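The chain below stands alone, shown as structure tokens; this is the form predicted alone.
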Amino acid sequence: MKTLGKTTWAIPGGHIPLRSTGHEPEFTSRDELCLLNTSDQEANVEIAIFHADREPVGSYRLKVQARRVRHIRFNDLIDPEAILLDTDYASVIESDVPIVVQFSRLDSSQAEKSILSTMAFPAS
């Protein structure tokens, strides 16, 4: 299979709602990444988090096996520090092999839940 994607992606619109309604963990408010690695090599991925009022945090490091997809909740990123809830942030995702990155948000802060999904910006 042909290797698809880019090595650097940006997502400027991060924000995890503080509140959630419904059963956990399936209805926990969250931001989420979907990483697709179509290459024949394992992808080493680093995520940096940018804030409006302080220096970037990271790198959050993870792997995506060759020819696999991996979903990661930003809520689960805790090392070097947990992602702040109810705070605007942005992220830059870098990989040593091309990958495809999709961003999703589930907002369950009200009984009427909403979900959005979009492709990240392929920077390079």
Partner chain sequence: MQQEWINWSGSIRFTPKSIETPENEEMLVDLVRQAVAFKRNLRVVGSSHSCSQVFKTDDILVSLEKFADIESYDATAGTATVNAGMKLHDISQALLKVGLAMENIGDVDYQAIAPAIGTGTHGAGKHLTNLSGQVIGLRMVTGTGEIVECSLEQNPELLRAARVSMGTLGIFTAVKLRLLPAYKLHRQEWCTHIDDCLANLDWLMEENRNFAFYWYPRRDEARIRIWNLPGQGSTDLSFARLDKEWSGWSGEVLPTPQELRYDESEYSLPVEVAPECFKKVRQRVKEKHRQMVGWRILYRPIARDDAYLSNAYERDIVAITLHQNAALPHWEYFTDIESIFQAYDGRPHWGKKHTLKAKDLRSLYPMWNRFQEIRQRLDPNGIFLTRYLRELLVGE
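These numbers come from a predicted model, not from an experiment. Residue numbers count along the first chain shown, from 1.
In what follows, reference is made to the form predicted in complex with the partner chain, a form of this protein that is not presented.
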Contact test, all of C34, N44 and E94, partner the partner chain in the predicted bound form, heavy atom 4.5 Å: no
Heavy atom within 4.5 Å of the partner chain in the predicted bound form: which of V69, L62, A82, A48 fits that? Just give me the one. A82
Under a 4.5 Å heavy atom criterion, is A52 part of the interface with the partner chain in the predicted bound form? no
Can I115 be called a contact residue for the partner chain in the predicted bound form at 4.5 Å between heavy atoms? no
So in the predicted bound form, does L18 come within 4.5 Å of the partner chain, heavy atom to heavy atom? yes
Using a 4.5 Å heavy atom cut-off, state whether D40 contacts the partner chain in the predicted bound form. no
Looking at the partner chain in the predicted bound form, which residues in 14 to 28 have at least one heavy atom within 4.5 Å of it? L18, R19, S20, H23, E24, P25, T28
